[in-house]
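Single chain ahead, written as structure tokens, the form predicted on its own.
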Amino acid sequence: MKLPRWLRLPTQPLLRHLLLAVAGGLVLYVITLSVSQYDNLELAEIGWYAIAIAGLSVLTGVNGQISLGHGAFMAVGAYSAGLMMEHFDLPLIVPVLVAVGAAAVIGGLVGLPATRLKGPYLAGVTLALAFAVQDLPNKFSSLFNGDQGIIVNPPTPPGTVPAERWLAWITLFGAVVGMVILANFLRSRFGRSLRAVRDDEIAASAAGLNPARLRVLTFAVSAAAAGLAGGLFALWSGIVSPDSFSLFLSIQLLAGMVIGGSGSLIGAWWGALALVYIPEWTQNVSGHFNLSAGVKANMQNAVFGLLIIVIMMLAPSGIQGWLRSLWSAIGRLARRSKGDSDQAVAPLTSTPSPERISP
């Protein structure tokens, strides 16, 4: 469907992404003003989930690599930010940037095996990383405080702003900025190169691209997004402990990516919404029907599994892909209706051609 000229977005990618970010940020700002403080905490949770899923979506959906241990990169970011805030009195932006940088470095190192490993072998490496990172805080308890974790003081809000709303603003702002950076990265020459390597590695190599270097770069960028999510998580939770970064977190991120749409940054927000509100919904349903403790514990996983099956069967491209297909179908119907109306009007407005007189 063709939009009016005044509704069309600029063609320049950076300007278009900034405009969308400002519009989305204003919507989120209004929402934070109109909901309760508990809802603001959930909005903050949506923020760090969204940027983590977006990073995984870049790795898997855009470059075609598999990661089953993306929660480990979140752990690197969270512990890096937590240690910085525990030992140094610095502006909030500094620990968050350290979290992004530390996760990017670890991601680049993990991406080195990706130059030779593919499919289940690469997934196995990232899975081993998830288990290894979870055990490191206990092995170096003098630094990471073991199972007790690192206590992170929440950011002090200005004036009379509630702490929960201030936390939501910080987390959502960080997520939106991260999305803008990822969107511009995907629209750049590097983003096009990543898709080329995913679609046909041999053809990409023949075109002068270096698939190995691009895979490492993608791992670093994806891990940096997860590190940002980890730093925001540390602010949101107030504590960084090994239990927060179990394998289940990595599986959750993967499920959120599938639900929202692999390779879509907007789909990451749909996936984050599902990860935050489905557990709450299942808990309410379990309490309403007085289900047993065992059923309550497994109902969330059952609902996630059922939702993923439904998504894969009815909308293989996720929620965002389904919405995109729906918009295209509406556009085709609108064009078809316009064409039918034009054909109906044409005989009334056209000038009849002179009849041919046969000799």
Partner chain sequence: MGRFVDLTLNGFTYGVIYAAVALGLVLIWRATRIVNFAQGALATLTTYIAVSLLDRSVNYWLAFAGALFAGLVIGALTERVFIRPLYGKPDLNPIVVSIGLLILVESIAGAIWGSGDRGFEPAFSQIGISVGKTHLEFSHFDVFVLASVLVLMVGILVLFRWTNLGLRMRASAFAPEVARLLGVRVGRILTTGWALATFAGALAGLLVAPKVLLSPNMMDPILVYGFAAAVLGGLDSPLGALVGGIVTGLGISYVGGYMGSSMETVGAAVLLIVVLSIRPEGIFSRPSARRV
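Being a predicted model, the structure only gives us computed values, none of them experimental. Residue numbers count along the first chain shown, from 1.
One more form of this protein, predicted in complex with the partner chain, exists but is not displayed; see below.
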| query | finding |
| --- | --- |
| Candidate stretches 168-176, 80-88, 111-119, 265-273 - the one whose heavy atoms come within 4.5 Å of the partner chain in the model of the complex | 111-119 |
| In the model of the complex, the one of V27, L306, L333, L33 near the partner chain [non-hydrogen atom within 4.5 angstroms] | L306 |
| Residue (of V285, V94, I278, A132) lying close to the partner chain in the model of the complex, criterion heavy atoms within 4.5 Å | A132 |
| Contact label in the model of the complex: L323 to the partner chain, heavy atom within 4.5 Å | no |
| Close approach of L247 to the partner chain in the model of the complex, 4.5 Å, heavy atom | yes |
| Exercise: V105 in contact with the partner chain in the model of the complex, heavy atom 4.5 Å | no |
| In the model of the complex, A123 touching the partner chain (heavy atom, 4.5 Å) | yes |
| Stretch 21-58: residues contacting the partner chain in the model of the complex, 4.5 Å heavy atom cut-off | none |
